[in-house]
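Starting off, we have a lone chain in the form predicted on its own, written out as structure tokens.
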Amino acid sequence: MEWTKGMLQELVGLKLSDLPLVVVSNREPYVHTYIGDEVHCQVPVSGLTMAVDPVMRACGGTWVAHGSGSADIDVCDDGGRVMVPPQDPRYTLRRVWLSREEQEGYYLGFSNEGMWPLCHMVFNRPTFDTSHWNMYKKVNQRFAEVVLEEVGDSSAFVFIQDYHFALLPRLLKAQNPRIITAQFWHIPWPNPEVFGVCPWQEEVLEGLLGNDLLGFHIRSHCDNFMGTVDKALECRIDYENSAISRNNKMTLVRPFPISVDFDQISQEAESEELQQEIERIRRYWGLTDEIVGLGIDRVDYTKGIPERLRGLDRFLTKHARYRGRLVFFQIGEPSRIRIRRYRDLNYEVEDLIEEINWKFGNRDWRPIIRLREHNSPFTLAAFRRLAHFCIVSSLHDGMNLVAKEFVASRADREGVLILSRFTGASRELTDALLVNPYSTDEMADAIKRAIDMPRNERVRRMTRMREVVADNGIYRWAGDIISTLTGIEPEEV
């Protein structure tokens, strides 16, 4: 069945008509900031917000998130609420205000120095600090209080996003057992031995088992989670039905591969406005007949950006005839720079780009152009449409929506996707050039193959990938989750 926005709206109206819908995430889908004296609204570069925002536009409801923008508080009412999107309001954004100390302990600390490296197998040691854990618990409690303000004592469907809120489901259920909770874990889940190093693994698992439904991108992450619970807690594991029972409470564990709004992205890619933006980019960078490569990433050590750059270095070393002909745009804002590992990565990326440009470039040509500033989704769409090839070289990734966005943007059925085998997306996009990003020669050879690939093969591969993304879009993801929840009844108090 092909899921559409209309079908999702019909399903929500039929199954959840009497239940308020609340989405909870750390990152907000719209950020209001001051530029001079004027307020501007930006859409953050985030796979989570890119995926969930279309669902909320279709279904309505309330999105609870941390208010991080400099003008966020000034555009909200006294309750921290504002209707979004600004140009076409469809749902309520309820902002939660966090102090700097809370952000450092809960977000930068336990979430991103502890849970993030723990769940990504990229040889980066997690750091666990008791003060960070205490702040993580405090902020989870804060979000629970805000959600309960929104739903009161009534039944509601609360859809929790990601690893920032592992304790939230249990906290909500303790205060209002009539709430139905589903949580989607956007990053991988490691094997039981790896997760066992977390000093508070039992508390984290107990929190997650407060959910009625817990979703991961792929089946192996579900299996890893159930194996972790089996090893750490006294419970009953039903592997055949993918369910966990503890203290007479059942949690379903299911794979739901997340995706993008294929129709919207594809239609935008064919618009006259986007073509004008492509021409603007060409003029600005002086592009004529160059081969354009593309990488779009938040600067994170899981994304394999240095490995990608070393692959480009090896390619230009082995194939000198492409010097002066290839321009690679590495787009991505620095991220979490208060964490030392991220600062070091940013310096490493800068040094590599400078070294490669010095090694191969000249007065008229640089092989790599780095764009560090924020780019609008519209401009990113233009770059995706412009590029001859796109490299997604994650060392470990739950899904990676950049790969699916690139495919959805190629309404011309051109372009080649070079995709890491260590992404969830590689299970679906098998017509990409699949690579091991740790192998520099394999990366270089894939770039050569992408550039030299005959047009009929490019079109054939991209057509098949577009069919996969179109058939498994974001509305199917949301529809499958809601359909799974259909048989779960609110508890009677």
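All figures in this text were calculated on a predicted structure; none of them were measured in a lab. Numbers for residues come from their place in the sequence shown, where the first is 1.
The form predicted in complex with a small molecule exists for this protein as well; it is not shown, and the discussion that follows is about that form.
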property: F143 within 4.5 Å of the small molecule in the predicted bound form, heavy atoms; result: no
property: 4.5 angstroms heavy atom contact with the small molecule in the predicted bound form for R94; result: no
property: T440 within 4.5 Å of the small molecule in the predicted bound form, heavy atoms; result: no
property: Exercise: G47 in contact with the small molecule in the predicted bound form, heavy atom 4.5 Å; result: yes
property: Heavy atom distance at most 4.5 Å to the small molecule in the predicted bound form, all of Y163, R298 and R336; result: yes
property: Region of this chain that lies against the small molecule in the predicted bound form, out of 280-288, 70-78, 185-193, 261-269 [heavy atom, 4.5 Å]; result: 185-193
property: One residue of T228, T181, N112, Q330 in contact with the small molecule, assessed in the predicted bound form (non-hydrogen atom, 4.5 angstroms); result: N112
property: Of F157, Y107, F315, F383, the one that lies within 4.5 Å of the small molecule in the predicted bound form (heavy atoms); result: Y107
